[in-house]
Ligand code: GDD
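The chain that follows stands alone, in the form predicted on its own, written as structure tokens.
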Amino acid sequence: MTSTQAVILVGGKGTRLRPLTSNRPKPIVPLVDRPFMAYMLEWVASHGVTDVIMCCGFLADSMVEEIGDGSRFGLHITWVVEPSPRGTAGALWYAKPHLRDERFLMLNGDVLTDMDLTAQVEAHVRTGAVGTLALVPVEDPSAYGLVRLHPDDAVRGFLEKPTPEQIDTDLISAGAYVLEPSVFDLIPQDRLVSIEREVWPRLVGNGLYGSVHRGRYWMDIGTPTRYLEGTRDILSGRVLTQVARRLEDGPVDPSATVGDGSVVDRTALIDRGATIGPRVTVGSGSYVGPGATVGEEAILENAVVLAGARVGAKARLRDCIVGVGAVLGDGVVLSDAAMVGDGATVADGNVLTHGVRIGPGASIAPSTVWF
């Protein structure tokens, strides 16, 4: 790759993922066995990026503590804290002093992907573009802004929230851009600026191109349902990540304990020091974090149980998330994107469905919730 610097925007609060983001920023929310941002850093490093500028705001100190200087990813990370929100282009402006006078990558830190950045940079060089947008196809583009291309991949226009009769492409912006330094000439200073709404339209017909990534994985994990889908896709290998290498040795970490008669699906993961009781079923897409315990005869299906959590006997967990250190009593039922926050307690016999969310540290008495 001919671009070795990347700017990653990680300033959002991730409100749709609360309570997972109630006391931590979205980039370090645990996703399978590592913080979410680790996937992006491993991805860019695999394409030859060596320097990353992280533009952040919300709970920045905790991100710096978790991710560090980037050395464990083979990167050098510079942390830039936005003094006030200035939009996507404004955030990029804060990164400018740390960029060399050469092309660079700008990436939205909210996505899980294995797009081919190297091919995108090569396309950018080949066309002589000022900016090249990564584009991905989606099944239902009506909820997105469409990107229309000329036959030579030059961008000819954008269409926000199209009606069915307006849809003439399935391509949307994937939040990964290759940019030349001259893009800064188009960014007003000292105010909130959206690069998508103010800068890209000015480049249409003046050096803005698209790079189409068909057959590659891309997902914004900003909702509980997408978080669970992303977990399942990581564990199944649908998205290419370093977790796949770990699963080559099987779904149970050597330091974990699995009781007699228990069944663990090959697309699940029982992490370090976890304890699975007897006759437990851990189904597809399920993750049990370090030091977590699951009681006898419990059933997990597409369920996430984070580090140190305890799940009681005969609990039924489907399509749900249990936070760090949370406690579920015997016979508890969680389903339909229900979430239990870090350190919360849900006592015996409660039934939480339909996206119910229990905040961090909350306590639910026995058999009081049936929803």
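Please read these numbers as outputs of a predicted model, since none were measured by experiment. For the two forms, the rigid core is made up of the largest set of C-alpha atoms that agree within 1.5 Å on superposition. Note that residue numbering begins at 1 and tracks the sequence as displayed.
Only in words, not in the display: the form predicted together with this ligand, which the text now covers.
State yes or no: in the predicted bound form, is some non-hydrogen atom of Thr281 no more than 4.5 angstroms from a non-hydrogen atom of this ligand? Thr281: no contact with this ligand in the predicted bound form.
Is there a heavy atom of Gly145 no more than 4.5 Å from a heavy atom of this ligand in the predicted bound form? Yes, Gly145 lies within 4.5 Å of this ligand in the predicted bound form.
Does this ligand get within 4.5 angstroms of any non-hydrogen atom of Leu269 in the predicted bound form? Output for Leu269 is no: heavy atoms all beyond 4.5 Å of this ligand.
Quick one: is Glu102 in contact with this ligand in the predicted bound form, heavy atoms, 4.5 Å cut-off? Output for Glu102 is no: heavy atoms all beyond 4.5 Å of this ligand.
Of Cys55, Ala303, Val332, Ala309, which one comes within 4.5 Å of this ligand in the predicted bound form, counting heavy atoms only? The option sitting close enough to the partner is Cys55.
Heavy atom within 4.5 Å of this ligand in the predicted bound form: which of Trp79, Phe73, Trp218, Trp93? If I apply the 4.5 Å criterion carefully, the residue I get is Trp218.
Of 108 to 116, 209 to 217, 148 to 156, 237 to 245, which is the one stretch near this ligand in the predicted bound form, taking non-hydrogen atoms within 4.5 angstroms as near? Going by heavy atoms within 4.5 Å, the stretch is 108 to 116.
Once the core is aligned, please say if the CA of Lys161 is shifted by at least 2 angstroms between this form and the one not shown. It does shift by 2 Å or more.
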